[in-house]
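Before any questions on how it binds or moves, here is one chain, the form predicted on its own, in structure tokens.
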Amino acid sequence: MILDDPQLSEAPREMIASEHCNAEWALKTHTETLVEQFEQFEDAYLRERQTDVKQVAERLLKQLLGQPGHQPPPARHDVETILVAHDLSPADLIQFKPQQYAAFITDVGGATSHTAIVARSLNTPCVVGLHHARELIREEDLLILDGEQGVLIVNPDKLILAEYKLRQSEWELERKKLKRLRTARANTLDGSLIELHANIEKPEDIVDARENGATGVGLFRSEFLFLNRDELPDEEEQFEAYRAAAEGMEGQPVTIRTFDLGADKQLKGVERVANNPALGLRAIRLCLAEPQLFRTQLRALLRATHYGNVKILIPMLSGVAELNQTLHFIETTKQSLEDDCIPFNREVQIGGMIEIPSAALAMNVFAKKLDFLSIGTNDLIQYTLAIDRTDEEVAHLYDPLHPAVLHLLSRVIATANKFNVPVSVCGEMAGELAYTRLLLGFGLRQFSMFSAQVPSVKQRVLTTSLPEIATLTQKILRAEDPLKIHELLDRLNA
């Protein structure tokens, strides 16, 4: 719509005709004029729309210059390079992965945004929501970035630099020690086996998962096969990716989530504008609205079940109607494969993500109709507390220890165990050491996290006795005061 607006499409042409300048200069000059006009608006919301105009104009300018791709500057190989940007999408990070940046910094975003999550899945430190980093940091500045504490130090003095180099050495030594646990079974002190699985974005991530001792893939985010490209992956390309993951795990479970596109992960060419993308047409809603796209993926997924222990996970289910529609889609797709005489596992397990409060409260129905469940804590917390986790203005209110969140988690796990339906947590809480014993106390026996987090969580499991943590866990569940909850959690992890 912005491209079609005469203010952008006609004015530069008139400038080319009258001043005999090239198209790039005309577009650049006119865009600057438009931005100046937006700056004059008193309404803050309208003033911010200048960003939309600038982004469209920048993309158009790249096309005119013959540089349509969003390519990152190359990372230097003689030093560790940190990329500083105003904003980065999850797709950007995946595209930047081959450049081997040491870390990422952005002006906007929250610690639980998809961008931060993907950075952690790449085992790359990041600090987001710094507001003016891109404006203040200069090329060749020496930076210390502590992704664990969310700290950035620009041009540190010698004492601070020496202190952080020591911390870095200690951290690397600890990682090497944890690697020795790779082949150990994740048994608690009282003998209960805990399954530790990995979250992956691409089949190549299987190597890291196995090196870190994961005993399966609890979440393969298939949407990353669809990003950073002009054409959608066809059935054959998707099938090859899913088969590679299944074969790579050599019989261990591989749970593949149907594409969770929408919100901040948009398909190129079919981007949708929504007032609140997180509550809009995304995940399974988008799948059901685009049946051909969904059926293509389901055929590829079902074909891959012939080559390994593949399970199919449905994201963002909110009620029984959506679930029944989805199960019908799967059945008709199975029939089409049988008609084509293509082999697949007809008994493939179908699971659902519990990441919307309505799903958590309707657990009885989901537990009866599905083979397994997976709790997406990131969205479950966001929707329960009405907080946009990508908005740095409110991201600090995102609280996994909020009593309402804890009660929902406990309820979901207890209900799944009651119906004898396997349940896992695949959100950020699964990889956070502070919450490992709490989730174990709730009855969770399967975790899925970034590959790099598996060794440290395994160590925590190995030093935990389930009978000993039971009482403290229940006290945390009954507590209402945030300070009391944190105090009890510290005791649980002592």
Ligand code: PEP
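The numbering used is simple: start at 1 and walk along the sequence shown. Computed from a predicted structure; not experimentally measured.
From this point on, the text means the form predicted together with phosphoenolpyruvate (PEP), which you will not see here.
- Not displayed here, phosphoenolpyruvate (PEP) is approached by G427 to within 4.5 Å at the level of heavy atoms in the predicted bound form.
- The closest heavy atom approach of N345 to phosphoenolpyruvate (PEP) in the predicted bound form falls outside 4.5 Å.
- Taking non-hydrogen atoms only, I117 approaches phosphoenolpyruvate (PEP) to within 4.5 angstroms in the predicted bound form.
- T377 belongs to the set of residues with a heavy atom inside 4.5 Å of phosphoenolpyruvate (PEP) in the predicted bound form.
- Look at 162-170, 332-340, 181-189, 353-361: in the predicted bound form, residues with non-hydrogen atoms within 4.5 angstroms of phosphoenolpyruvate (PEP) sit in 353-361.
- Of the listed positions (R303, K311, H197, R221), a single one reaches within 4.5 angstroms of phosphoenolpyruvate (PEP) by any non-hydrogen atom in the predicted bound form, namely R221.
- For the candidate spot formed by R257, D260 and R282, every residue has a non-hydrogen atom within 4.5 angstroms of phosphoenolpyruvate (PEP) in the predicted bound form.
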